[in-house]
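What follows is one chain in structure tokens, specifically the form predicted on its own.
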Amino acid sequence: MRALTISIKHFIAVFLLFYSACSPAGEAVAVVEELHAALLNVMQQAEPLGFQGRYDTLAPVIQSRFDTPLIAKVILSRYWDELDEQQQNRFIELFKRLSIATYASRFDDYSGESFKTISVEELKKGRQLVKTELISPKSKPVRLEYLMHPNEGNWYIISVIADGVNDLSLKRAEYAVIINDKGFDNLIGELEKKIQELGDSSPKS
């Protein structure tokens, strides 16, 4: 009887673990935690990897876990439909490179940091908000919230909110000013320049 009780408890524990991993919330969290694991990896190997090594390590994760085409469309907003397909694809590609370069530049050191998943909030349109923290021994935790949406059976990040600041909203405002004042080609030039600066400003290994 005791063996049967232990067996049932073991079955329930395994079932709950399996359910958590396979539930929509579990799948969305897994995407975020995969990104966090990659960030910790490049932080811990920041010096031997150098900027290019961090870029190359993060690229596959960011390419597969962020819905960059949707993000690009949201950022350009009303300007998106004014662009031809070649211009749209050019912006998507550059914005993807900028995102990878930004992460590679910012996560360039390790001092005992860790990530912690706090909770998942259900939103409209089947979306979820995964709430996490970046914990550092040297400073107060940074709140990182990931807006997730499902697409063709997979979960993707479409926005990152750091301590209440939505980077997507900031870029949408910034890029709108550039397009209004100087045109789309100048925006492309600004993105290329920023990507170059991020690489040049990073300490070389």
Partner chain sequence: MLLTRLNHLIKIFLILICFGLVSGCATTQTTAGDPDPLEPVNRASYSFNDTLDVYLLKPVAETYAEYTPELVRDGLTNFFDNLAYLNVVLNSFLQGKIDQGLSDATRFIFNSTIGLAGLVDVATPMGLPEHEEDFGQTLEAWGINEGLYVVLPLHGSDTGGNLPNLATSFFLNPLTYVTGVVLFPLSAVNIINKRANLLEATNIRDEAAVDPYSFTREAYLQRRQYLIYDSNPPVEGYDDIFEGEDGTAGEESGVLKIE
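Residue numbers count along the first chain shown, from 1. In this text, all values refer to a predicted model and were calculated from it rather than measured experimentally.
The next section is about a form of this same protein that is not shown, the form predicted in complex with the partner chain.
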| property | result |
| --- | --- |
| Within 4.5 Å of the partner chain in the predicted bound form, all of D81, I178 and S201 (non-hydrogen atom) | yes |
| One stretch from 27 to 35, 54 to 62, 158 to 166, 40 to 48 that, in the predicted bound form, holds residues within 4.5 Å of the partner chain by heavy atom | 158 to 166 |
| Partner-contacting position among Q88, T117, S99, S105 - heavy atom within 4.5 Å of the partner chain in the predicted bound form | S105 |
| The partner chain contact in the predicted bound form: L123, any heavy atom under 4.5 Å | yes |
| Non-hydrogen atom contact S111 with the partner chain in the predicted bound form at 4.5 angstroms | no |
| Contact of V74 with the partner chain in the predicted bound form (heavy atom, 4.5 Å) | yes |
| The partner chain contact in the predicted bound form: L129, any heavy atom under 4.5 Å | yes |
| Residues from 29 to 53 in contact with the partner chain (non-hydrogen atom within 4.5 Å) in the predicted bound form | none |
